[in-house]
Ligand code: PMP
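Before any questions on how it binds or moves, here is one chain, the form predicted alone, in structure tokens.
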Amino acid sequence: MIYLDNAATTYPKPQSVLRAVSQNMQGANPGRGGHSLAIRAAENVYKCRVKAAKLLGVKNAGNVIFTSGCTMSINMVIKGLLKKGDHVVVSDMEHNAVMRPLEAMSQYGIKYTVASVCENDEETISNFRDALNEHTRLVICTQISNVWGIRLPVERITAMCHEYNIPVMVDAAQSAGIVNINMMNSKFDYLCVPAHKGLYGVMGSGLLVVRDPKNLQPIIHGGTGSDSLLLTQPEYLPDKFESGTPNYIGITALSAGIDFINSIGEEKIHRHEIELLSMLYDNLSRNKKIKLYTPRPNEKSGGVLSFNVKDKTSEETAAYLNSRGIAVRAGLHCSPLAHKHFGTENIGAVRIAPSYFTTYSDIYTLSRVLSAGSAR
């Protein structure tokens, strides 16, 4: 099978990641014992935390919190920070991992405004600025759209918001491991990261990076392996936000995934994906039956390209490709706002998302199969 659904989860995984999963299936509980197995497990968790901090430009590794995934990280910020009467600004490219928690919080008096993303970054920043009000307590912005591959100017949006002392949460679901992220330079207040996508880890694990934790409250309380005489949650990081047994297998797999990223380099991975998508874009643009919605991918784009075949639903196109051994994602991709932006909320779109393991031959085959299918 030609797998092109890497925006959902990367496949295949590096062999080093698979080995890490296999070798640590019987690992002890890190930080919950004084014996050698538990100590070794705790050391491996710490090593991964340090690697993630270095990759993401975080000064203090304790500010890297292990979570069950990007969605959990997002919920931890939204539900741990906002209070009745607070206002939030989001982009119109946000995933339901952002929108559904906000909708759920609306019953507690939380309101939000959607800022439109434009091709011109200045217009996008202006739209965010215009959406702010005296009650705005958080701005949420995806770094790369999971539907269209559009890269938002999150660094500049953050700088603008900080002029008003408003914190910013960045959803890095489609960017971590692919584009360089430096928390110290960008000054994002909260960064939400999945392990199983661009970091080549496994599902069920992720990261929340916190620049300043003082206003963020934990939404889960429990055992941390520290200060066990206290019935209250520890206030120091990372223990404040890490209750219960950690996903040791996921963490060690993430550690191996970060090693893989570092061995190749984010720039090389990103360049490879963009070259593949540019080749695909050029091939599809010659086909009058194929509708493209965004400009040709370039160095500022993410590793995602979506399209439709005229007179076919996105699901019909995906089913046809699947019957030819090509795996893609169709539908709304859990991002209805992004589809409304381009008017595809009723038909969805076919999403192509390569990885470092995708070949030029894979893209050629996809182009050939689409050409044959659209001619039917």
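Worth saying up front: this structure is predicted, and the values here are computed from it rather than measured. From 1 onward, residues are counted along the sequence shown.
Not pictured, yet referred to below: the form predicted in complex with this ligand.
Colleague: If contact means any heavy atom within 4.5 Å, which of 315-323, 35-43, 338-346, 63-71 contacts this ligand in the predicted bound form?
Modeller: In short, 63-71.
Colleague: Scan Val209, Ala97, Leu277, Leu152 and let me know which has any heavy atom within 4.5 Å of this ligand in the predicted bound form.
Modeller: Selected residue: Ala97.
Colleague: Just to be sure I understand the contacts: of Thr252, Asn146, Ser306, Ser91, which is the one whose heavy atoms reach within 4.5 angstroms of this ligand in the predicted bound form?
Modeller: Exactly one listed residue reaches within 4.5 Å, namely Asn146.
Colleague: In the predicted bound form, is there a heavy atom of this ligand that lies within 4.5 Å of any heavy atom of His270, even though the partner is absent here?
Modeller: His270: no contact with this ligand in the predicted bound form.
Colleague: Do Gly177 and this ligand come within 4.5 Å of each other in the predicted bound form, heavy atoms counted?
Modeller: No, no contact at 4.5 Å.
Colleague: Taking this ligand as it sits in the predicted bound form, is Pro194 near enough to touch it, meaning that at least one heavy atom pair lies within 4.5 angstroms?
Modeller: Judged by the heavy-atom cut-off of 4.5 Å, Pro194 is in contact with this ligand in the predicted bound form.
Colleague: Would Ala173 count as touching this ligand in the predicted bound form under a 4.5 Å heavy atom rule?
Modeller: Yes, Ala173 is a contact residue.
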